[in-house]
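Next up: a single chain in structure tokens, the form predicted on its own.
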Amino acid sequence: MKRLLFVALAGMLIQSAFAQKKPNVVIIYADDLGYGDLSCYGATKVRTPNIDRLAKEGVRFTNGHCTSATCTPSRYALITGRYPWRQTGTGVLPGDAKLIVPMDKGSVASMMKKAGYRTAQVGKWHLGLGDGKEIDWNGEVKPSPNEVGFDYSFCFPATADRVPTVFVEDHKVLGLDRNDPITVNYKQKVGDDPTGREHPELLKMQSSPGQGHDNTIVNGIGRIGYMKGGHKARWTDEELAYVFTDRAEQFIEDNRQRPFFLYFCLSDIHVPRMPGTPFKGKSGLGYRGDAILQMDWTVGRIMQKLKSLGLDKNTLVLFTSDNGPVLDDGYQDEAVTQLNGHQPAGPLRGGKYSAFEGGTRVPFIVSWPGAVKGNQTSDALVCQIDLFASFARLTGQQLADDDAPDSFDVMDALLGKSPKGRAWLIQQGGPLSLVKGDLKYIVPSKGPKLLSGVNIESGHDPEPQLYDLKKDIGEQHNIAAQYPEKVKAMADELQRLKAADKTRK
């Protein structure tokens, strides 16, 4: 009997070891998290011990970027390996937008799936659903993340401040009552639910004037867009982090004996900020600070789950954000009045929506205890658009010619084995920018220099801007007039890169 038990256990261990030869990959994607919002990036008014531990176990990048200063285009770039400005319709999407990820081309998820990985997307999606016709929220919601490479998807369609405020699991709205069908409209009111504009007395969080967050009220919060029906299916904001974390943990648990790829998209810091009760008032920085603590708790939960299953040594975890920070982005939640000296963008200028570094330079951490030496800080230029090509190399795959045309293999930099990342990067704020070496060129553009609604500098200027980021990370000194030849060279290079069908070589 003992011999049979020994043989059975040995067989299980061999099977598990075989299944785990390839590293698991987990992307934890924060929302609206600034370069200065974490204690491992210099924050002193808020502590993020779990993310700090992740950085201590791996590589913390000081020059890590998303492609764009808003969420939808950054997510599009990460998933497709393509610059979002190459395709129309990749701006910030409403909740009823069609799927914008091409189904006839590879995605980072389909590439990982082809390599034998079980793939999942959990959390905020915001890349559209459906085929462009009116979405039937009461039937099959497709195409969805499942059609672009994810075996499993559990998401809400757009952002927490937009309707419909429901979870979509694979192709179905979770908890739907057929006797209370859902209708969504972004042009005119539907149904009898009160709106924030008509009944501000019903709001537990007031909307900021003129920002559109005063339509259908859900959970005491005015949203963008109108919704009727689906009352049993509607989530409450305080539960979002818990539900998403539980689903992510369950996916890890279910796939512990085979390689998996998890794209885990958090919502905590995006408005409306309504953290779970255990975190309310805990930071001293208002609900935004409380949401940062909740986000850090989530990261701790995922790391503990990996460790408890013995998967931590063989799992590459990448933590980053979809764009830079914003304080007042639609709701009066004391993010401004209780800032208390905290600097969300750290030493950077600008933030969300901005062409300055605060828009796209974000926290970027890679941990893989079994392969990456810990306690490293790297100033290599790396970008989320490069994950496609880098993970292809990690999993031993050759990219097709039309896959990820703007994605570079920077795996050596990500693993802390090389101080060099990509040589240049096109950034999308309001105007486009080109970073090459230490220099950053911002295209001349028209538009307000200050986005008054959110109190963030846009980067718009009718004159060209040139900054030496090594000497002037805060972009305070425009040196374009001193170096006209460098401005011309950068402008010409940007035009050449924009005209190219692909920039990956």
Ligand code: NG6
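One-based numbering along the sequence shown. From a predicted model like this one, the values you see are computed outputs, not experimental measurements.
The same protein has a further form, the form predicted in complex with the ligand, not shown here; the description that follows concerns it.
- The stretch from 320 to 328, 255 to 263, 370 to 378, 406 to 414 that comes within 4.5 Å of the ligand in the model of the complex, counting heavy atoms only, is 320 to 328.
- Taking the partner from the other structure, the ligand in the model of the complex has no heavy atom within 4.5 Å of any heavy atom of Met103.
- The closest heavy atom approach of Asp161 to the ligand in the model of the complex falls within 4.5 Å.
- The ligand in the model of the complex is not approached by Val166, whose heavy atoms all lie more than 4.5 angstroms from it.
- In the model of the complex, none of the heavy atoms of Arg288 sits within 4.5 Å of a heavy atom of the ligand.
- Checking Tyr353, Trp137, Phe391, Phe154 against the ligand in the model of the complex, a heavy atom within 4.5 Å turns up for just one residue: Tyr353.
- Site annotation in the model of the complex: the residue of Lys124, His342, Arg361, Arg82 reaching within 4.5 Å of the ligand with a heavy atom is Lys124.
- Taking the ligand as positioned in the model of the complex, the residues of 269 to 290 that bring a heavy atom within 4.5 Å of it are, in sequence order, His270, Val271.
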